[in-house]
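Next up: the same protein chain in two forms, each one alone, written as structure tokens (structure 1, then structure 2).
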Structure 1
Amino acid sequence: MTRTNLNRFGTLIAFVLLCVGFSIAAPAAFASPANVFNLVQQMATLAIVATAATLVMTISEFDLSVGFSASLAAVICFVLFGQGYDVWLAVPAALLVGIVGGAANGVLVARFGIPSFVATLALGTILSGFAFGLSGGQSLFQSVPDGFKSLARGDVFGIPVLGFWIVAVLGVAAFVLTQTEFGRRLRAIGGNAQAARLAGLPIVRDVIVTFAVAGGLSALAGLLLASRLGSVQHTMGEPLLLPAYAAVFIGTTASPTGAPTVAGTLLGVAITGVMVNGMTIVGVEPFVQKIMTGVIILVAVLLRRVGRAK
């Protein structure tokens, strides 16, 4: 294999090798249909949050509030259920909170020039406070309608319902980024914001919209996670943050330009999901899994920098 092909397909080869390795280490458990079904379910919420991170990274920004937005949306939805509201009202209300929170991030970044790391971390902390206050710091699991549970449970022709959410969300995101004028503007902003400004692109509006969409996707991920689990905790979305960005950075190593793409992010999600799933099956301690996640991010960032330097 030539060096060019290794750079192009190296991440995909790593994914295949991971699957082969875990299949050999635990053939009865890892490669079973039940585990594949479970793996798709585990990957779904991560894939949606990672897609939100991909959109924001396309404009060369970061959103550290994605996990907090997911938690707050789920808490709000369950609080409304507890007050007797139906799914058709509680779910849109929770999604709207995520969109508004994301738009607020965009305003802070685009209108007031606050670095996205600072703005989204600060706003995410505020959202976390609201989630804690609304839930009282307790798990919420009562008065959940069956219609809500069906959003993320079960299967259609043997395919997990959450698998269809992955296809729908990532398919739309990929289409928007590659086939629409809005997507081309986002890539132009991420490539050179100053040049995009001089070209007259509506940077402020596009940045706000991008953060708003990311907030909405984060809220959707929180709702689907709550639907699958049947309960909510005010911190349930926070563990999604690091794996989501790990997935995006891994995905950039599969991109010829080093830029984030939806397809690359999906590959990154698959690698991250397989690693966590496989290590759990073979009995690797949770703290080692966290160490491995950090190592993956560092390696992916280094590979991305090396690729850009060539």
Structure 2
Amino acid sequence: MTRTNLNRFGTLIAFVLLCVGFSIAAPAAFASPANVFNLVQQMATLAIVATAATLVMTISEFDLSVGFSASLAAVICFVLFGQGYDVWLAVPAALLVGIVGGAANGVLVARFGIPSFVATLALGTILSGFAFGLSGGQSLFQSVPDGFKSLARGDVFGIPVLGFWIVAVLGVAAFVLTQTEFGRRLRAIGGNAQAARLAGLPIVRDVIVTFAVAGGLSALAGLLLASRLGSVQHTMGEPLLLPAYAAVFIGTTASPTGAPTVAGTLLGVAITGVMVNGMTIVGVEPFVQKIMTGVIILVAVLLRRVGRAK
């Protein structure tokens, strides 16, 4: 294999080796169909949030509110269930809140020039406050309709329902980013915002739309997570933030240009998911799991940078 191919497929090969390693370590458990089913389910919400992060990183911005949006959407949905509202009203209402929150991020960034790191952290904290207030800080798990639970549970022809969500969301995102004019504009903005502005691209509108979509995807991830668990806590989405960006960064190591891509992000999600799942199954101590996960992310990204520098 040539050096070019190794650079291009190295992360994918590493992922395969990881799977082979865990399959040898725990053949009956890790490689079992039941565990593959679990893995797909476990990766789904992270994959969707990481896709939201990928879209925003494509325009060279950050969205730190993704986890907060996920929590708030789930809380709103469950509060509405508690008041007797139907799934068909509660779910769109929760998604709408995510989209509006995301659009507000976009307005703060594009219209007012606030750095995305600051704007999304501030707005995310506000969303978190609403989630806390609405839930009363309690874990909500009553009055959940079966129709809602079926959003993220069970299977169709042996494939987990959440697997279809991954294909649908990431498929559409990948298509938009690579095959549409809108996607090309986003990449142009991310590549050189000043040049894009001088070229007359509608930067303000595109940035607002990108953040709005990211907010909507985050809300969707929160709803699917709530459906999978059957319960909601006002902080439930927050742990998604760091793994989502870790997945995007790992994914960039599989990209020829080092730019975020949906396929790369999916690979990053798969690597982080398999790492935690595999190490849990083979009984690696939790502190070792954390150290190894961090080291792998660091090594992958560092080597990519070293490779590009050469």
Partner chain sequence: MHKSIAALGLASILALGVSQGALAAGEKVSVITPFLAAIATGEMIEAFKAKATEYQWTVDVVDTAGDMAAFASRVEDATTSGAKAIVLVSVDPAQIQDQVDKAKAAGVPVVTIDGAKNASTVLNVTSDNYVLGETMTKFLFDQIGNKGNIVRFFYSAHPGVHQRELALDAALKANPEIKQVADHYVAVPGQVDDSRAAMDAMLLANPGDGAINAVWAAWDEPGIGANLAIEAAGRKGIVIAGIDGNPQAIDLIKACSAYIGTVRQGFGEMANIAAGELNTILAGGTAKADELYAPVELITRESLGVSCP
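Counting starts at 1 with the first residue of structure 1 and goes up one by one along its sequence. Take the two forms, find the largest set of C-alpha atoms that superpose within 1.5 Å, and that set is the rigid core. On a predicted model such as this, the values are computed, not experimentally measured, just so you know.
Two forms of the same chain are shown on their own. Structure 2 is the form predicted in complex with the partner chain. For G294, the CA shift between the two structures after superposing the rigid core equals 3.9 Å.
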